[in-house]
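Here we start with a single chain on its own, the form predicted alone, put down as structure tokens.
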Amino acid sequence: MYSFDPTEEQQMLVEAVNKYAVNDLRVAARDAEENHELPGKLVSKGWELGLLQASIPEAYGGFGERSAVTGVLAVEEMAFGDLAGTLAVMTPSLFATPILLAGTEEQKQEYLPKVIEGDWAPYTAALIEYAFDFDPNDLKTTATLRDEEYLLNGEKAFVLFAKDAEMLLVYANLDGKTQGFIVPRDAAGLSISDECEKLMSLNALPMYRVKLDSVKVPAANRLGGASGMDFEPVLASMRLAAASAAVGVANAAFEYSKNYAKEREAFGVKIAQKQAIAFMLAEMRTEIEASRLLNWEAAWKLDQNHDDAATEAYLAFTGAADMAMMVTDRAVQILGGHGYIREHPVEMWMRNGRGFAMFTGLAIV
């Protein structure tokens, strides 16, 4: 049976990430959102925490072993500071972690050291598509095998740092199954939009549309080689990352609105003493804790290779997405008129919270 107590190493990591989240990410978040740019030094400092490096074995240039539980703990803590900064710091994981999970030995030896041994570099992945019925297991982007090469055709959305990416991991439908393909940024037929995506939130993150017009990919660049990959554990890891980030953002909104309610007076009484406010805060905290525990359990099951790990990850993700929207919306309500103005961060967190339903594929643990 698993324990709810983090190990000594996990606790040290959580404390280091929390310090970075509160003292660096939170402080820079508003300006980054307004200026549509994250400071490079801020991202580099997060990279230096070594979250990805600690999940890669020494054989591939890292100094640890992957643990989904450790990953969700770290993502939640970092997202408590700022979601955009968290996704930026973690972008190289979108490329490296699937290779670690599903790549051939040759792919691991070739690509993982390149990603983790140097400074932060924009290695990224392209999963999300523009479709009202977008399903990661039924992609519209296709891969077709021809003469020992794969031809990729389709369009991807919200691809982090695509404009400057050195490599992209592109997911496509091959004979009804989602498969990954390692694609160089300068591949013929691959084009990237000139302008960033325009979204309600995450304006500090550069995200682009990517089009693939008969992009030729060598057979050796298919993730997992000729036999391909099992996409289920990768998708589960993406959902756990999104759920963890949702818990982190929701917890930030809860803590901020709780502290505000304890200080703000109305008719001579702290508003936290008002029954309506107190009930809202209690329900917010309850839902956050429920999502957190469901996410931890799903991560533990993924680490233990339980048969229902993917199902648990899906439940954790869908529950956390709904929870984040509820909690961040109520945080705005608790602040009243102050919740709607940019002097306070809760309106930004609410905009972030609205997007979690579509954030699968923007992070991975």
Partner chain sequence: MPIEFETPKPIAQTQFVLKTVAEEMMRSKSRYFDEHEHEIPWDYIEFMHTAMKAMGVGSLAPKEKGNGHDGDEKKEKRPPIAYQVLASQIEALAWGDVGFYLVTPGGGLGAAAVQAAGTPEQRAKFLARFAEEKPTFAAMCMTEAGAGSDTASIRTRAILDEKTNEWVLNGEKIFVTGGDKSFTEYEKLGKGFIVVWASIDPSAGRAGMRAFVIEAGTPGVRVTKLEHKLGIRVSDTASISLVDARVPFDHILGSPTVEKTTTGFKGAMATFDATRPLVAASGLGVARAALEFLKEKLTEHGVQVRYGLPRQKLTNIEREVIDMEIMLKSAWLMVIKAVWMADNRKPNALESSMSKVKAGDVGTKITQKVVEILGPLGYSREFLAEKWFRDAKITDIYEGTGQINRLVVARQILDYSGKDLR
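Positions refer to the first chain, counted from 1. Everything quoted here is computed from the prediction, not taken from an experiment.
The next section is about a form of this same protein that is not shown, the form predicted together with the partner chain.
Picking from 205-213, 142-150, 262-270, 157-165, which part of the chain touches the partner chain in the predicted complex when contact means heavy atoms within 4.5 Å?
In short, 262-270.
Check all three, D5, V69 and L294, heavy atom within 4.5 Å of the partner chain in the predicted complex
Checking in the predicted complex: D5, V69 and L294 are all within 4.5 Å of the partner chain.
Test of understanding: in the predicted complex, would F279 fall inside 4.5 Å of the partner chain by heavy atoms?
F279: contacts the partner chain in the predicted complex.
If we define contact as a non-hydrogen atom of the residue within 4.5 angstroms of the partner, is T318 a contact of the partner chain in the predicted complex?
Yes, T318 sits close enough to the partner chain in the predicted complex that at least one of its heavy atoms falls within 4.5 Å.
Quick one: does E197 come within 4.5 Å of the partner chain in the predicted complex, counting heavy atoms only?
Output for E197 is no: heavy atoms all beyond 4.5 Å of the partner chain.
When the contact criterion is heavy atoms within 4.5 Å, does A290 count as touching the partner chain in the predicted complex?
Output for A290 is yes: heavy atoms within 4.5 Å of the partner chain.
Within 4.5 Å, heavy atoms only, which of K177, K114, R185, K258 is in contact with the partner chain in the predicted complex?
None of the others qualify; the residue that does is K258.
Answer option from F254, W120, F231, F181, heavy atom within 4.5 Å of the partner chain in the predicted complex:
Of F254, W120, F231, F181, the residue with a heavy atom within 4.5 Å of the partner chain in the predicted complex is F254.
Partner contacts for 218-245, taking the partner chain in the predicted complex and a 4.5 Å heavy atom cut-off
Result: R239 alone.
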